[in-house]
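Only one chain comes next, encoded as structure tokens, the form predicted on its own.
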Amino acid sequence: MNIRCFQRNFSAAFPPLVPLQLPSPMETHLWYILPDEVKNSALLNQYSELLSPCERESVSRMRGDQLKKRALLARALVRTTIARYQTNCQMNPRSLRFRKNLYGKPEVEWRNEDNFNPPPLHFNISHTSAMIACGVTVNVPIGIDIEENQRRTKNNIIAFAQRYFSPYEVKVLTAISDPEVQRQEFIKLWTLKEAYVKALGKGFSAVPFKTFTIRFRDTTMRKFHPPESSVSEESDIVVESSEDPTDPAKNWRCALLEVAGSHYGAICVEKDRIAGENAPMKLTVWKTVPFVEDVCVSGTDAVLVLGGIIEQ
């Protein structure tokens, strides 16, 4: 386990973020923070200083202290995560600017200067009341989603699935007799479908859940192992387009995780032509409290691989 602790003098200027190399082709970095573990008001105030005036105003308009806190942590996590990566100059998390694409997906708005070549960095964020996560890739789009594994649905699962899921997915869920197992499999499917739509970056209205199918080829649970270990031989998560089976979904690679014992996490990235179509997804996961502590949890019980081609 790799643990780095920084000074806790929150009233002083921020210590510099430990720099990281950009992810390699087909490599995904996943950072997550647990809001309940961030209780220092001075630290939260420091995070607030990282935000733009518009972001601070947006946070202040939210109702409820917990909602404001999660919104603040989400924005601070994105800014500090992106600022870690080595480019041709040091990056101040406060100076980062963001924009949204035509469909509302956030992206970095790099400054346009002669001596600055912006990195081909992509990111995506997801959050629940108990966890906030940010995924980072280079060259290829990424979508992530996290859901609490104890999440309960008010609706009947099968009735809800019939409304939003593909016929194949409904059939799979209907065949599960154990209500608890059925609920868990429903959440896994939902998490994967959200990650795929977010990776496409076209919005949920442009890619309804019913227009594609998630298939599991293998449901064996595997733990993370060091990079020198073996790689699974075939993908156990397949995305199939119901409308066009010849293209869109086959260009994407997905992974399903259990994170911190409390959440399912799904990652979807476009296949990198440079790395090769059959290249496995490399994945490194950190638990963080920005400027305070970063813990690499890959290779621990905090991260269980439930599916996908993952370099182990």
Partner chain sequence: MASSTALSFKFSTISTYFKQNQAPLRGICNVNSVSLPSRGIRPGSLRRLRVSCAAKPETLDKVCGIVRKQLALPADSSITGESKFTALGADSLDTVEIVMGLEEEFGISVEEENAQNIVTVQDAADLIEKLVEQKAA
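Positions refer to the first chain, counted from 1. Bear in mind the structure is a predicted one, so any value in this text is a computation, not a measurement.
Not on display, but discussed next: the form predicted in complex with its partner chain.
With the partner omitted here, the residue from E240, E147, E107, E185 that has a non-hydrogen atom within 4.5 angstroms of its partner chain in the predicted complex is E147. Only one of N155, N92, N101, T174 lies close to its partner chain in the predicted complex, with a heavy atom inside 4.5 Å, and it is N155. In short, of 202-210, 72-80, 117-125, 177-185 it is 202-210 that has heavy atoms within 4.5 Å of its partner chain in the predicted complex. Contact annotation for Y196: none of its heavy atoms lies within 4.5 Å of its partner chain in the predicted complex. When its partner chain is considered in the predicted complex, L67 lines it closely, a heavy atom lying within 4.5 Å. Mapping the unseen interface onto this chain, Y168 falls outside it, with no heavy atom inside 4.5 Å of its partner chain in the predicted complex. The closest non-hydrogen atom of R163 lies within 4.5 Å of its partner chain in the predicted complex. Residues of 40-69 placing a heavy atom within 4.5 Å of its partner chain in the predicted complex, in sequence order: R61, M62, R63, L67.
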